[in-house]
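Single chain ahead, by itself, as structure tokens, in the form predicted alone.
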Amino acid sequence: MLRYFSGRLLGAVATFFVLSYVIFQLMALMPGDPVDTMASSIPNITAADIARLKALYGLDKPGYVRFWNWFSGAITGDLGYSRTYQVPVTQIVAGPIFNTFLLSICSLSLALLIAIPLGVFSALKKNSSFDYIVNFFAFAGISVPSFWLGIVLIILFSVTFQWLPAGGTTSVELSGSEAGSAFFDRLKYLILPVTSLMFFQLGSFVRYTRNAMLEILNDDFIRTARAKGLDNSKVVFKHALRNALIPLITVVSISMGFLLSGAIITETVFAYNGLGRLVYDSIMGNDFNVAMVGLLLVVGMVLLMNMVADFMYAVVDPRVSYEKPR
């Protein structure tokens, strides 16, 4: 297994390097660069000044040279400066990364805690009223646009009832307050965006769990376990559910990468200070270094979650082995 994952790690590093180069070149194709943007606001600047500034920042060099200069600095911890905020990139991305990670973990965990039991009992009660209701809400979760659901939640709970804040991350007046008050204040701002993201994932997780359980419950080893007189709950949760989790692991690993990159809409609707919104604002503001770091963090998370999924296959299903046959 160690040899297999070592190979996977080397492959992930190579993929990360190639995707870094592709993303860098795509970002370089954006119209204008920092010097051109600065020059447009200075009426007295000359063409010689512009050329000198581009040479100073290395913008006159070929794309592959610029990429290597940036990448060699990035692997040593020098991620550059933000053109918009005029501070090192590391000072900007730390807070949004934590905020998005917290939002993603909360919504993903809540979706799994609700979806797995619903999917299991929906499969056990196939074609019943409970099954039809669960499927209706599952299809609704898949079909409803996240921005529309976010707006509805704001109108209902923030405008109509005024129970929860419409947007933001924390209350300004609670900065530096005691831990207990800060925790509940943070929780209050998380409820609506977590609900919006969770509802979207819930539908697909329920459908995958239900379909996998229906397929597993008809297998021969389930009938054999029941014929041996095993308790029905043990058959369902120890034998059937464990095998049904295999396709769900793949979906969850993909969803984690999607949450970090696809939470842009939710973070924008709720004015949530997260990574997705930061990347969007950086691209729109031509803040090259911040956008590069944000996009590469998403790439790294997707590659990492794929490796975690491979490891979880072996944990859930004993038949999966990465050892070489002797």
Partner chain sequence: MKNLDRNPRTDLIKRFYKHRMASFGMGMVVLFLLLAVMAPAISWLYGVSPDQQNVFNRYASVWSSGATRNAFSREPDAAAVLHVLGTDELGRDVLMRLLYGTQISIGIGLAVGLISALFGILIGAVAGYWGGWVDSALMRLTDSMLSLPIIPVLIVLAALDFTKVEFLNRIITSENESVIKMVFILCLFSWMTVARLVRGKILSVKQMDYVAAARGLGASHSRILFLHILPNTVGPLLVAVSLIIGQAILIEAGLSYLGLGVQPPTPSWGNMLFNAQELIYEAPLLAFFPGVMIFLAVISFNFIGDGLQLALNPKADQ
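Keep in mind that this is a model prediction, so the values were computed, not measured. Numbering follows the first chain given and starts at 1.
The following text describes the form predicted in complex with the partner chain, which does not appear among the structures shown.
**Prompt:** Based on heavy atom distances of at most 4.5 Å to the partner chain in the predicted bound form, which listed stretch, 236 to 244, 110 to 118, 223 to 231, 131 to 139, is the contact stretch?
**Reply:** Comparing against the partner chain in the predicted bound form, the contact stretch is 131 to 139.
**Asked** Taking heavy atoms and a 4.5 Å cut-off, does residue 65 contact the partner chain in the predicted bound form?
**Response** Contact with the partner chain, no.
**Asked** At the 4.5 Å heavy atom threshold, is residue 70 in contact with the partner chain in the predicted bound form?
**Response** Close contact is absent here: in the predicted bound form, residue 70 is far from the partner chain, nothing within 4.5 Å, heavy atoms only.
**Item:** Partner proximity in the predicted bound form: residue 126 to the partner chain, non-hydrogen atom cutoff 4.5 Å
**Value:** Result yes; residue 126 sits at the interface with the partner chain in the predicted bound form.
**Message:** I'd like to know whether residue 145 contacts the partner chain in the predicted bound form, with contact meaning heavy atoms within 4.5 angstroms.
**Reply:** Result yes; residue 145 sits at the interface with the partner chain in the predicted bound form.
**Prompt:** With the partner absent here, would 29, 295 and 302 each sit within 4.5 Å of the partner chain in the predicted bound form, counting heavy atoms only?
**Reply:** All three within 4.5 Å in the predicted bound form.
**Request:** Select from 230 to 249 the residues with a non-hydrogen atom within 4.5 Å of the partner chain in the predicted bound form and write them out in sequence order.
**Result:** If the 4.5 Å heavy-atom criterion is applied to the partner chain in the predicted bound form, 230 to 249 yields nothing.
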